[in-house]
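We begin with a single chain expressed as structure tokens, specifically the form predicted on its own.
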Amino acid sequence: MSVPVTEIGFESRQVNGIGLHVLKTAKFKTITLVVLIEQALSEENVTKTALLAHLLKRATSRLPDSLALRQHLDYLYGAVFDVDVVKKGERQILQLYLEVPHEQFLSSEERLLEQAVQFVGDVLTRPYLENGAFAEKYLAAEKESLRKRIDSIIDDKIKYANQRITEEMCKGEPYALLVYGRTADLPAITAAGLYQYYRELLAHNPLHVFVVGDVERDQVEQYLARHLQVERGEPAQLPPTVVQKAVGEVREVVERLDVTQGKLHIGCRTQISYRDDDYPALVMVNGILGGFPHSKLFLNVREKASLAYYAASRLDSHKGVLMMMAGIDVAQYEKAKAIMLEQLRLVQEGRISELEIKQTKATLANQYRELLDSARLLIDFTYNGMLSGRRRSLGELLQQMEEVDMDDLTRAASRIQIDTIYLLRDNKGGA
């Protein structure tokens, strides 16, 4: 069946060692710029990269404090700006985001696109320095801010349980690291050392600039060459994410904290990533299992058995890790676990109704088409293909999911292996 869709057509080229990707579209009244710098997840660098995100959004040489920076964003007609880190497989991505109104919707004749590119260049290549290094006063403040961010993970018990099962399941693998780093690393990071690391990151690691809006690629390229000048050689080849990993005996981990609701998370390895032929079928499997309100986990664990406050599954497309999650009464742990494992077994045995397949295909198609309404999601979709080493068009991916049949589903599901079962529970009695 043909899948009608408007395609995502970025024009890509290399500009001084930087990947420039421009999507010219009049769909949005704004221009979105996203810069992505890749780093391999590692104990050595994870905290430094996360700290850089905090420092870079603090000040620049032209805008030397937070007040000046905020006032400049106001001057750019309320531009939306952020710098952060995200984890994709075993890559840590430093990402800068800037969204400004398009000039044609302003009453003035401001050259806002060039000013936006200049601001991005300021943040990335002209940070605020003192004595040839990051300013000590800002470094100390941002270390404290990052420490609080890392420590606050425990305040969100779902995120905390996800991180803890990831640490237990992927012990010894880079994927186990929290993308914000480790508080123990912070004291040893110096202003001079971090600045040296930042210069090396900028000079050698893969760096991509995405621009979405009603813009001309040649003009963007001209502004980029003028305002984002970096001495770069051939980008470093970072190690690929390890997806294939043999699973031994299933581990069960119980952790106790002062909580009122248990968090039961079941970590599985699928051995399948975004680049694999079975990926579209795996997306369907995740949707049928726990991706949506019509999925097996939600209906059978939460609705029919009333055993969970929430029940869902989530897939990391780059690492091939599938997590089943439920918020439960700890007294119902064994029963909830049994029903969750049964739902996976039913999918693996092909005990899937035509209605489940039809609903999942329709929901996924709607979900993916919503990408077309968000500049940021358009960038994310395209970048995921680049990062994985297999670029699918949106139409191609939707067509592949539409063509998934029962044999495809059972083949993909049969590759899923349970690795670790984790329970976050209260401090009261019980094993």
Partner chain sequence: MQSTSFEQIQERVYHETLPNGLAVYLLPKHGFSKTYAVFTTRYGSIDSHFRVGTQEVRVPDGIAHFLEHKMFEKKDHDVFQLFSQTGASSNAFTSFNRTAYLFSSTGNVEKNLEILLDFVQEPYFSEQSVEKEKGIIGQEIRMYDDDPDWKVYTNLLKAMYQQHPVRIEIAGTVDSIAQITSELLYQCHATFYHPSNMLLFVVGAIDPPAILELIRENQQRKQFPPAPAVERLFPQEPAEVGEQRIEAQLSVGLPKCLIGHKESRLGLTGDALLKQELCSKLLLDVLFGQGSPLYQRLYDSGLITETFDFDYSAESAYAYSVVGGDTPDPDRLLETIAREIDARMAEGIAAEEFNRCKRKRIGQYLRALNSVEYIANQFTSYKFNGTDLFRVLPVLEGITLDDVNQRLREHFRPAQRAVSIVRATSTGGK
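Positions refer to the first chain, counted from 1. Because the structure is predicted, anything quoted here is derived from the model rather than measured.
Absent from the display: the form predicted together with its partner chain. The rest refers to it.
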Subject >> Stretch from 351 to 359, 85 to 93, 314 to 322, 220 to 228 whose residues place a heavy atom within 4.5 Å of its partner chain in the predicted complex >> reply: 351 to 359
Original post:
Any chance 135, 182 and 400 all have a heavy atom within 4.5 Å of its partner chain in the predicted complex?
Top reply: no
**OP:** Heavy atom within 4.5 Å of its partner chain in the predicted complex: which of 255, 114, 278, 173 fits that? Just give me the one.
**Re:** 255
Original post:
Tell me, which of 393, 30, 45, 384 has a heavy atom within 4.5 angstroms of its partner chain in the predicted complex?
Top reply: 30
**OP:** Examine residue 122 and determine whether its closest non-hydrogen atom to its partner chain in the predicted complex is within 4.5 angstroms.
**Re:** no
Subject >> its partner chain contact at residue 303 in the predicted complex, heavy atom, 4.5 Å >> reply: yes
Original post:
Going by a heavy atom distance of 4.5 Å, is residue 195 a contact of its partner chain in the predicted complex?
Top reply: no
**OP:** Check whether residue 406 has any heavy atom within 4.5 Å of a heavy atom of its partner chain in the predicted complex, and answer yes or no.
**Re:** no
Original post:
Heavy atom within 4.5 Å of its partner chain in the predicted complex: which residues of 257 to 272 qualify?
Top reply: 257, 258, 259, 260, 261, 263
